[in-house]
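In the block that follows, a single chain appears as structure tokens, in the form predicted on its own.
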């Protein structure tokens, strides 16, 4: 319950159509794609950096939890207002401040959709490389909060690699500017990269200067079909060892292929048990050479066939439908986005299969194999206590396997509330203590997204 005096002052800051306090209205901001629900006591919609700063200052004065939020597409619970308080929605900060093709830059507010940035850049021959599956409806602010990636991160990198600078309001209420407008700049600490991926725990981003990339001259897709996962996994390091880095390299196991077949029956051969979806791009004169090299690297005794695909767009569309289709298999999915070194993928996938068998948990895997980033989906029924217990044990051992293979617990979804219990597996106590000190510097009253990221 928010203090009456706090609500009264909040109402003086925002018009009635930009402040929700009725629990029914607030409920739409109580959940994200983790499917967990934590209702806020109020929802505030800011439309400027000055409003963000004023709201943060007021929450500091009253020690009210403040949870920044984009479009709620995250899967790790990063935007859930677990401690109630105010959900600060940035979805109405929709201004593209500048489109500067001469300097390959777009400046945008956090509520601008990823797709809107792409649409603004396209007429000038550019794109913004981060391309999560939710690109059509996820916001730039949300992409920044988790350093989102996507299929093309294998060649182009994640969000951190495509942001030149930021404007933000710290948890202490200070407006700061990080980075610069140029692609080179080493003045001061790199606070831009610190804020990207911090999941709204340090500051509320109010503007981002995004670095654009020219469209490749040509692009083509290939597929490689395998008799088993082991053979498929063995081909991935061979492809990534090529000088011609693919622009996308996706892995799909038998469970993922079964889901695609159930909705697109004619798309895949019946005997394919694992598959790679590959894209190459670049100068037109090199595409044929690149395809030849990649197809050669795909060959091993488990390969059924590999070829250029005539309808790559349809296949990519089917790939992007996989995540929602998982709910056809079980009521709930425990969705992880672990990463291991590419050379360790065969060992990881084999170990994962053993853990699934050991704990009798249905598991579907797919993801960005070129980065070693696998989306592991443990499919469970939350009404069955025994199954949930087995799934948690399976998850715990899977994380141990990832760390043993020199991997990381999250490649692009973030920690949020879903992975915070396990973060000490990856980050030692001394480093974790330093991170908490950084949090205190930015957010001395611990009002910004409290409880997230740390155990």
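Fair warning: this is a prediction, and the values are worked out from it, not measured in the lab. Residue numbers count along the first chain shown, from 1.
Beyond what is shown, the protein has a form predicted in complex with a further copy of the same chain; the following relates to that form.
Student: Are all three residues 7, 46 and 141 in contact with a further copy of the same chain in the predicted complex, where contact means a non-hydrogen atom within 4.5 Å?
Tutor: The answer is no: none of the three residues contacts the partner (heavy atom, 4.5 Å cut-off).
Student: Applying a 4.5 Å heavy atom distance criterion, does residue 414 contact a further copy of the same chain in the predicted complex?
Tutor: Yes - in the predicted complex, heavy atoms of residue 414 and a further copy of the same chain come within 4.5 Å of each other.
Student: Can any non-hydrogen atom of residue 389 be found within 4.5 angstroms of a further copy of the same chain in the predicted complex?
Tutor: Taking the distances in the predicted complex, the answer for residue 389 is no, it never comes within 4.5 Å of a further copy of the same chain.
Student: Are any of the heavy atoms in residue 114 no more than 4.5 Å from a heavy atom of a further copy of the same chain in the predicted complex?
Tutor: Outside the cut-off, so no.
Student: For residue 327, is any heavy atom within 4.5 Å of a further copy of the same chain in the predicted complex, or not?
Tutor: Close contact is absent here: in the predicted complex, residue 327 is far from a further copy of the same chain, nothing within 4.5 Å, heavy atoms only.
Student: Between the options 240, 304, 135, 254, which residue brings a heavy atom to within 4.5 Å of a further copy of the same chain in the predicted complex?
Tutor: Contact with a further copy of the same chain in the predicted complex is made by 240 alone.
Student: Counting any non-hydrogen atom inside 4.5 Å, which residue from 268, 194, 96, 293 sits next to a further copy of the same chain in the predicted complex?
Tutor: The residue from 268, 194, 96, 293 that makes the contact is 194.
Student: When a further copy of the same chain is placed as it is in the predicted complex, which of 171-179, 356-364, 254-262, 85-93 ends up with heavy atoms within 4.5 Å of it?
Tutor: After filtering at 4.5 Å, what remains is 171-179.
Student: Within 4.5 Å of a further copy of the same chain in the predicted complex, which residues of 33-58 have a heavy atom? Give them in sequence order, or say none.
Tutor: Residues within 4.5 Å: none.
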